[in-house]
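Included below are structure tokens for two forms of one protein chain, each presented in isolation as structure 1 and structure 2.
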Structure 1
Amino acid sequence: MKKNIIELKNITVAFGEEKVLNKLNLSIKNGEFVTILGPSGCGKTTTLRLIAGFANPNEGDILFNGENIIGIPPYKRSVNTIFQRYALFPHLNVYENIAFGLRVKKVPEKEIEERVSDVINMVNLKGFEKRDISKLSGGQQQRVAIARAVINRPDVLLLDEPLAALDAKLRKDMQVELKNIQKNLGITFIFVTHDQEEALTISDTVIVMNEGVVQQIGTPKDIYNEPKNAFVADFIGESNILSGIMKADFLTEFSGKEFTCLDRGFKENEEVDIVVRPEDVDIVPSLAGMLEGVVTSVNFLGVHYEIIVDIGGFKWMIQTTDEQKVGDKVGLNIEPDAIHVMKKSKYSNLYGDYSSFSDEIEPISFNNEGEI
């Protein structure tokens, strides 16, 4: 069992009336790659700033290796940050940016040279030492930011959406590189992102946050396969979230039919939320399936089709490699291990059906003449 390096206890942060973090409890194990995942405004960046020392909580304790660090200024913490837009020093070149942390600590010149050249090799920036920061590409700036932080050998590296500004392919490469760097250094990385795919790819542990509260902590697989509530299920990946009833252990009812499932431990006839991932649904000929519906939309995404099927007014999303046509009647089969049962929460009924993909869009309405 690894030791906890950081523990947040009952942390509340409020800006005026608005509580950004609400009695947040969190512990982070030493040497792990931890991702804090959540939509914007969920308090993830504030959490990071608390650990870095740029902000202080209104209530609660922050323990670092068991010691309370509230009130200790950022420059005395063994924590370094990689900022969202890198925050490189514009008046210093690559070498001096990287050497900054050692210079302020008055490390001997010879050691600075050695350590800078080590990290420059690590992030593949050899030959760029004298380069101006403004003459670097986004990916190179990112590397300088990483080198500048890790050269100080912090116990914890904080990363505030560091890949947000990179294009999709570079982003994937950097994810792999960050993961490798973390493994090689063996230090704790706390990575903040709103990109769920990135979080699943990169992390040992994912912390899902919303509205200043931790929703779930677990491995990427746990989070995806066993979401704790409708918010997590909706935020991580695509999911059909339905209201259902737990008839008995291993037996649930939704969409008017009974299904065998692998979940148990609920009260008899307890109301629950059911999650079915779009890739776990099989499309079969009409009447041969457990459920029946009409295809209302088909999107071709390259790898597969994304099909919306209307079943009794609830729009299911199904990912399949078989093409279907709009208006077709189809049957759906759902295996017991594809069904995940969750307790009801305050997020029940907020998400679920695929009339729209996001919760923000209002459908455009046409009048009779077909004008908007």
Structure 2
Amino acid sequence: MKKNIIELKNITVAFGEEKVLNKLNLSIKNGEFVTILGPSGCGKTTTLRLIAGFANPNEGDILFNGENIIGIPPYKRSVNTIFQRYALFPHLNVYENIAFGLRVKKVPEKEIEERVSDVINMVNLKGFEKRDISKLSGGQQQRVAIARAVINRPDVLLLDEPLAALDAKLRKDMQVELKNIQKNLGITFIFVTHDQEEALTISDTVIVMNEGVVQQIGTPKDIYNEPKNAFVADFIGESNILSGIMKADFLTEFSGKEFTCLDRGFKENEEVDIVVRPEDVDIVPSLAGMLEGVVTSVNFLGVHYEIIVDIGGFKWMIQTTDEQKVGDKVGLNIEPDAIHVMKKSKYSNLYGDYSSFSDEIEPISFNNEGEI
């Protein structure tokens, strides 16, 4: 079993009356690719800065391999950081940018050559050694930044939204590259992003944060399939979130109907939140469905249709390859394993249906001159 390389214990960071982190407890294992995920202002970048040594908490301890590192400056920690802006030296070529840290440490020239050659091969930049930084693409500059960070052989590499400036296709390519580099190095990567798909793609472990508090920690599959509360369910992918009642083990009620589910351990008739992912709902003929509704919106997204169905005033999203038309009466069928039951939380009733996808949004008005 892997040991913890970093532990944050009861960490509080406050700016005046505002608590950015509130009694945060977090453990990160050696050799993991961990992603801290959350909306802007949730505390994820502050957490990274604490680990790097660029900030100190108001309360709590930060342990690195069991030793408290609060007060130890960044350059004395076995941690390197890659920021959104790569901070490469424009007057140095690729080779010299990568070698810079080793030269500062007065590493022998032969060792520098060997180590630079190793990391250049690792990040697929062979042949670019003498290239000016200004003549590199965004993805190539990203690779130089990674090479410069890992050549010092840190125990932990921190990445603060380093792919944010890249276009969509290059971003996906670099996600694969980062994962491969992490596997080859075998060191701990701690990656910060607000991009849910990115987190699910590259991570061994995902930490979902909001309001300075960890909402859930788990594998990408656990986070997606078994969200702990309405915030996580809504933030990670698309979700239909409904209020329901747990009638008994394996039996729940929502939308005025009873459904068999796979959940248990709740009190009899306990109020709960229900999550059903859009891809787990089958559209069937109206009279054959467990639920009946009317199609209010249809969007074609290439791979599938996103269809909004009004059932008793609640707007469901369904993702399907079967085309429907606005105004069609349809039925919905939901298998037991598609229903996920959650405890009520402070986020209950804050997230739910897809009214914003319906035709109920007030249309934009134009005057006779065609102006808004």
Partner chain sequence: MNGSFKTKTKNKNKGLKLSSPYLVWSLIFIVIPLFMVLYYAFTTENGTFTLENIKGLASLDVLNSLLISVLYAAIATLLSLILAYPLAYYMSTVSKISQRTMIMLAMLPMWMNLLIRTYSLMLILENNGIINNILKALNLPKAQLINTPGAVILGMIYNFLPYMILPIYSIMTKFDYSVLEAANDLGANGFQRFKRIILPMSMPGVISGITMVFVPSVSTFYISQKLGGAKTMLIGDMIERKFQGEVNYNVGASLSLILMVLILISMAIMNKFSGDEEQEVLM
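FYI, numbering is relative to structure 1, first residue = 1. Being a predicted model, the structure only gives us computed values, none of them experimental. So that the term is clear: the rigid core is the largest set of C-alpha atoms that superpose within 1.5 Å between two forms.
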Structure corresponding to the form predicted on its own: 2
Cα displacement of V214 between structures 1 and 2 reaching 2 Å, rigid core superposed: no
Is_shifted R264 between structures 1 and 2 (CA, 2 Å cut-off, rigid core): no
G302 C-alpha moves between structures 1 and 2 by 2 Å or more, core aligned: no
Core-referenced Cα shift (Å), K126, between structures 1 and 2: 2.6
